[in-house]
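One protein chain, two forms: both are listed below as structure tokens, the first as structure 1 and the second as structure 2.
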Structure 1
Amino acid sequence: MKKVTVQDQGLVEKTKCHAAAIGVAMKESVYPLTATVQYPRQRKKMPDNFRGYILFDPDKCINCWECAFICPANAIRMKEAPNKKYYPTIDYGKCIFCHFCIDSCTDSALRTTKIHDVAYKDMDEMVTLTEEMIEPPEIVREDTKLVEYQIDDKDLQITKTREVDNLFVDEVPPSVEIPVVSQCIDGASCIGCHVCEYVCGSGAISSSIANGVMNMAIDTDNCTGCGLCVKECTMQILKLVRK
């Protein structure tokens, strides 16, 4: 068996360490530094892409249903609005805050916020209707301090500033996706039903008839690459390709 002995650091070093420990103890008794955030009087600073309460902008929605299709928790139901379009509603009783819906939303009609503390009285209330998603929900704010954690190479630094955080992400950072546009890969198989033209929200697809021939065209400058026409084409002859 091998005996492990403590390394002798020498008297000077030992005294130094003890003095430092006493110093920290004295500082803590005067100005204690806790890692716990004193919510709700203090709030932790969240990153801009925090997955919180979801906001919706009907003007940007192109009615593609992509959010409802992708939601793994089946939390999104599309409901008909007075203008005959279908808009999402979210059941927060089911939502797992994965934000797939936001990621899938082609025109940023769905947006995240840093709000994570909405309270409901019962399950029914958690079904959030479209109109309740347009404006941020009412929350009680008692916070006066903003807590920020920073981890440097040695230690966890906690800074607390007298500041109230903005919980809305006003500017959605521009997407860094590869720009794509819709193109036809088999024009001869087109039946000329115009469904692509009807569904295109940006008017990029046009058609005209002359001398018994219908001419279809996609304006690649106007096409946003949302893929709605690709999904709706009954003959599956449209594809998204790199711009």
Structure 2
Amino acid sequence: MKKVTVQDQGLVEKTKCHAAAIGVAMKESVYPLTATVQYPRQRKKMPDNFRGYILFDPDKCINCWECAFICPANAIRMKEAPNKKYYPTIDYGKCIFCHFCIDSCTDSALRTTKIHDVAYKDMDEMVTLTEEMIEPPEIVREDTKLVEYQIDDKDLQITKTREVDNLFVDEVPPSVEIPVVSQCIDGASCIGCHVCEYVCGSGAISSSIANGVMNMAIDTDNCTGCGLCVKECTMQILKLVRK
């Protein structure tokens, strides 16, 4: 067995070590460099693209259902509103905060916030209805300091300032999009299932019967280009084309 020999330090070396340790303790008491955030009295500064609680603006929604289709956690359900349109509801018991719904929302009807600490009484309350998504939840703030981490080539710098972070991100203008409309590319293959007409939220698709033959028509002026009819077409004879 190998023996470990501990070197006996003299009085001077021991005094230097103790003095250095006391110096570090005094420095930490005045200018602490700990990475711990004293939440809720302090709050870490979050970026504007932080994936937090989701808000909804029904005036911008084109009723395309894209958010419900793209949700990988199946947390979004569409709820019928009094105006006969369908708007999203979110089950935060399932939501993984991937924000695919926000990324896919063409008119920015869904937007993010920096709110990440919402409390619920039970699982049922975590199902957030459309009307509850329009306004943010009740916010009780205890934070008085804002903590920001800055990493350079040498060390981690921690800045603490006596201010509070804005939890609501400034509205980002929607990206420039190419206007598209739905078009039938093979009318002879249409089986008249009316699915496209049923799912169209803008009422752009209509049907009529003449001489025993049913005809489907698309009003390009009312079509929003959401693509929902293209997705649901049984015969896959609809496609989106540029205006």
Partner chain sequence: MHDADIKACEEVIKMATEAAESKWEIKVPDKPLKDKLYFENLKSVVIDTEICSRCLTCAAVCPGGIIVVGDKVDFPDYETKCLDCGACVRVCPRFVYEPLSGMGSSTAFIAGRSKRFAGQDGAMVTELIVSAMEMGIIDRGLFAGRNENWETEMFHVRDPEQLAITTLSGTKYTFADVLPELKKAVKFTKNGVGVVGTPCIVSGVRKLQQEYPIFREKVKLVVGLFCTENFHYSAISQYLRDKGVDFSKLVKTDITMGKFIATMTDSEVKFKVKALEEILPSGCNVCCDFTAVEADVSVGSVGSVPGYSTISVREAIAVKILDYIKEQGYAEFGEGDPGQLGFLVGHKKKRAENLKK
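Here, residue number means position along structure 1's sequence, counting from 1. In this text, all values refer to a predicted model and were calculated from it rather than measured experimentally. Each form is matched to the other, and the largest set of C-alpha atoms that superpose within 1.5 Å is called the rigid core.
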Given that just one of these two is the form predicted together with the partner chain, which number is it? 1
Any chance the CA of Cys196 moves 2 angstroms or more between structures 1 and 2, core superposed? yes
Answer yes if the Cα of Ser206 shifts by 2 angstroms or more between structures 1 and 2 on a rigid-core superposition, and no otherwise. yes
Superposing on the rigid core, do we see a C-alpha displacement of 2 Å or more at Pro47 between structures 1 and 2? no
What is the C-alpha shift for Met216 between structures 1 and 2, rigid core superposed, to one decimal in Å? 13.6
